[in-house]
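One chain is shown next in structure tokens, namely the form predicted on its own.
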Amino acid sequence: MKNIRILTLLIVSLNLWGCMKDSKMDEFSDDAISSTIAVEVTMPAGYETYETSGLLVSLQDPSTGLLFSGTTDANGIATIKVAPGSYFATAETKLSTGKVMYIFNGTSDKIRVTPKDPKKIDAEIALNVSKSGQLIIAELYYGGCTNPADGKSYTSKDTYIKIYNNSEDVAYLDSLCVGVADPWIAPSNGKASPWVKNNSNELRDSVPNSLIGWMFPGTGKDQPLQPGEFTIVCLNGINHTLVCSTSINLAVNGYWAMYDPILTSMQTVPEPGVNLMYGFWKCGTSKAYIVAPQGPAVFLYTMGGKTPAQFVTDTYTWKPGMTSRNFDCLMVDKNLVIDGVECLRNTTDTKRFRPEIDNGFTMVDGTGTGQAVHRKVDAAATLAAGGRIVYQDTNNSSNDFEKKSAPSLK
């Protein structure tokens, strides 16, 4: 009899939930409580002649996951009906001149919609412009795995970055820099990044490189990377499977380790055959270096033709709000950034990259899961390139990357 009562209550509950769901859907379809957001998309200065019609505009509430979309009209305005919530509008497009691929993308300020709002709300997306580069981050493995021998997380040890030549021309790694943006872990609970413009929530036009500046050595053409080839930059260039069977062998000839015998003496010495990145700048006293397993913002950049010493002199900056100089950063102009990937813990975390660098984000499920984020293949471009893999590159990690259960090197 008790089981019958429980079953009856369960059926009644399910029916009530179904009725409530239907009622909610009916409510949402009712024009009386639905709001309409008119989003105008504008091109950056100097590119006003480019069309803004026919662009997809997405509205997402990161707290609830609600997602709505629409297409811009001849005036560059998308009119989208939404439910109450707090939204960010995003838009992007790519235009080719034959030699250069320009990428336009942008994100609006937060748009708040409540049942008491007027029916129509105006918003704007001011697009930013960047160029698609030869070298991209094709994969990022940063969350670590679980060691079956003791059941503990094996993190902050076997992290690696796959750098890929996505073009049809030879690329050279000489003097290419690899950095991790500050804050080391993205701010949460709506807290703003400390690196914003005065009296604004907008990020500065430069990216703060934190702790160490890493650079590929070479005088110009010492480190070629052929079209369709990749190289690996890792934290510790050893065979991690000898310590953790579910990890990766990074003791491979030609790989690169973020290791310096003086700057990072507490890290494991790389195996013979693993190349050493050059640490051209360091802040703080720690003799170790990690990439945050909770979600780093990793980027590639150049020094714009300057020597490392001059670049450091010109970009060395005191971190806002800090009294200690152990948190200073190098402020890398956004125009020197070649590629960047923003990784968050939660969809509500605060981004560290401007839209021109990464208009979205990607992530793995916590730490120790063995997952990695992989860039998606552009099937049409790959076919046009005769089968040479071409990865998708829209400067939006939400679209360009996908989470997979294991790193490609495993």
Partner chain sequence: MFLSIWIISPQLLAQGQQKYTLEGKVTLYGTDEPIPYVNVLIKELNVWGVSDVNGAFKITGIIPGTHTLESSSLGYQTVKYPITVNRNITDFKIQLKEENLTLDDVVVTAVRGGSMNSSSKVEKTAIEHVQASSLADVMQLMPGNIIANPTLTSSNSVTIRSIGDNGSLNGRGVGLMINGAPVSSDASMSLPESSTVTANTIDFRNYSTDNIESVEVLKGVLSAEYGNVTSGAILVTTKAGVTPFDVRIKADPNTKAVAISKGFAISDNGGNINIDLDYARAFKKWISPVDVFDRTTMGLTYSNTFNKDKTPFRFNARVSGYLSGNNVDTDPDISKLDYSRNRTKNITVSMYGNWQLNKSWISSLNYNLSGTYQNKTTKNYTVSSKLPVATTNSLVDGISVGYFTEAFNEEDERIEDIPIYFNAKLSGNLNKKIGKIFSKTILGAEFNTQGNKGRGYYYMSGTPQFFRERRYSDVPFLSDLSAFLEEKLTIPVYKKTSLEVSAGVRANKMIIDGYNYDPTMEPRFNGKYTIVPERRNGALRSFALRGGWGILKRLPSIGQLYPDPLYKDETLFQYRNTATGESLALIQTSVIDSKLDYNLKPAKTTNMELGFDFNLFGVTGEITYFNENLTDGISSNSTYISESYDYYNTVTSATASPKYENGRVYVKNANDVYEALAYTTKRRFKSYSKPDNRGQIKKWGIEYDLNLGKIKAVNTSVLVNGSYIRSSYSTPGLEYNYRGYVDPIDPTILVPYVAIFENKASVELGSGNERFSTNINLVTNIPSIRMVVSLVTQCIWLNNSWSEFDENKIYKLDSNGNPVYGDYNNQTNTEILYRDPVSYMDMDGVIRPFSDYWTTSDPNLKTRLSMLIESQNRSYWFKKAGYKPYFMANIRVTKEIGKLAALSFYANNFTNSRPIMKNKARPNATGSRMNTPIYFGAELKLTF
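Numbering follows the first chain given and starts at 1. Only a predicted model underlies this, so the values are computations on that prediction, with no experimental measurement involved.
Same protein, other form: the form predicted together with the partner chain, not shown, and the subject of what follows.
- Query: Given that the partner chain is left out here, which of T219, Q226, S324, S200 has a heavy atom within 4.5 Å of it in the model of the complex?
  - Reply: Of the candidates T219, Q226, S324, S200, S324 is the one lying within 4.5 Å of the partner chain in the model of the complex.
- From the list W318, Y172, F88, W184, which entry has a heavy atom within 4.5 Å of the partner chain in the model of the complex? Exactly one listed residue reaches within 4.5 Å, namely W318.
- Is the partner chain close enough to Y154, I262 and W281 in the model of the complex that each of the three has a heavy atom within 4.5 Å of it? Yes, the whole trio is in contact, each within 4.5 Å by some heavy atom.
- Query: Thinking of the partner chain in the model of the complex, which stretch from 120-128, 325-333, 78-86, 200-208 has heavy atoms inside 4.5 Å of it?
  - Reply: The contacting stretch here is 325-333.
- Query: Does the partner chain get within 4.5 angstroms of any non-hydrogen atom of M266 in the model of the complex?
  - Reply: Yes - in the model of the complex, heavy atoms of M266 and the partner chain come within 4.5 Å of each other.
- Query: Is the gap between K306 and the partner chain in the model of the complex 4.5 Å or less for some heavy atom pair?
  - Reply: So K306 does not count as contacting the partner chain.
- Task: Could you confirm whether D73 comes within 4.5 Å of the partner chain in the model of the complex, counting heavy atoms only?
- Result: Because no heavy atom of D73 falls inside 4.5 Å of the partner chain in the model of the complex, the answer is no.
- Query: Taking heavy atoms only, is A292 within 4.5 angstroms of the partner chain in the model of the complex?
  - Reply: Heavy-atom contact with the partner chain at 4.5 Å: absent for A292.
- Query: In sequence order, which positions of 224-243 have a non-hydrogen atom within 4.5 Å of the partner chain in the model of the complex?
  - Reply: Heavy-atom contacts within 4.5 Å come from N236, I238, H240, L242, V243.
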